[in-house]
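A single chain comes next, written as structure tokens; it is the form predicted on its own.
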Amino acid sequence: MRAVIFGASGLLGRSVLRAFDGMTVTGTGFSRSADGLVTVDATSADDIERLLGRDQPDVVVNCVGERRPDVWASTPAQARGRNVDAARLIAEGASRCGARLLHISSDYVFDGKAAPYRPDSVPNPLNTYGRWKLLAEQAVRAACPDAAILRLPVLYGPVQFAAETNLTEIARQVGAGARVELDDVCVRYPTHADDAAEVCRRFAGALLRGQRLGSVAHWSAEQGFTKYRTALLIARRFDLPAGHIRAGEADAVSGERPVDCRLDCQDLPAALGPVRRRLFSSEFPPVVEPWLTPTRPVSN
């Protein structure tokens, strides 16, 4: 199998690249392109066309996206480009070269009012990111009708900078000791990037075998946590003070964060076989420990 992983410099993309090890695989990056990755601007049709024309992949996985709220606010056109325009261009490229496409989307396409959400549940995003992810799904479907869309929740795993995941940002707040209020209403289902990557690997293989999996699929861990409960879990695990952390409801009150986007994932194990679902409560310590020291330099 020949594969191209777009967005292989990101948290999920790095895990997917490792999961596809042993295959003929090319990973791409742009602003964070590293050794071994091909520099590709995923918002450039020419860049995409050159790479796919050269590699002629059997399968393409699109992990490109911008999920950081500060980037949505500061450079909205750039963030939309990474979430919507890139999805359309990659889908068009995959269709032209005859590759099967696995496009990564988000649980934020739902409003959080009627969990659990099935793959055929009607999307109703509340915020800009969710709307972009839904627009991306629609663009992918129009450009590449046989594409598969995999919706995932918030991910965690070894990060390169603190803002790469909400988990490491919360860990920094716990370690800093400054007073902070964290939402205790909106529930998330943090899923290890390596588990999601294994699903991607199996999904890609199933697509190439012609296995019918449906056009949209869901994958998620099962444990749900608010930001506040996550902070308390970190504090308890590392025996750190938690008096500076207060429970709040800012995310819920804003109306832009879904309260509970739990994904119904029963279809994928039935189609792909058992897939590991790590327990966040036992797997998070190695991820957050390096970020608990307030004096640690931040890498951007």
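Being a predicted model, the structure only gives us computed values, none of them experimental. One-based numbering along the sequence shown.
The form predicted in complex with a small molecule exists for this protein as well; it is not shown, and the discussion that follows is about that form.
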property	result
Per-stretch contact check against the small molecule in the model of the complex, the hit in 153-161, 116-124, 173-181, 94-102 (non-hydrogen atom, 4.5 angstroms)	153-161
In the model of the complex, residue 67 touching the small molecule (heavy atom, 4.5 Å)	yes
Close approach of residue 106 to the small molecule in the model of the complex, 4.5 Å, heavy atom	yes
Contact test in the model of the complex: residue 56 vs the small molecule, heavy atoms, 4.5 Å	no
Distance check, residue 82 to the small molecule in the model of the complex, heavy atom within 4.5 Å	yes
Every residue of 60, 88 and 142 near the small molecule in the model of the complex, heavy atom within 4.5 Å	no
Contact residue in the model of the complex, from 264, 256, 49, 41 (heavy atom within 4.5 Å of the small molecule)	41
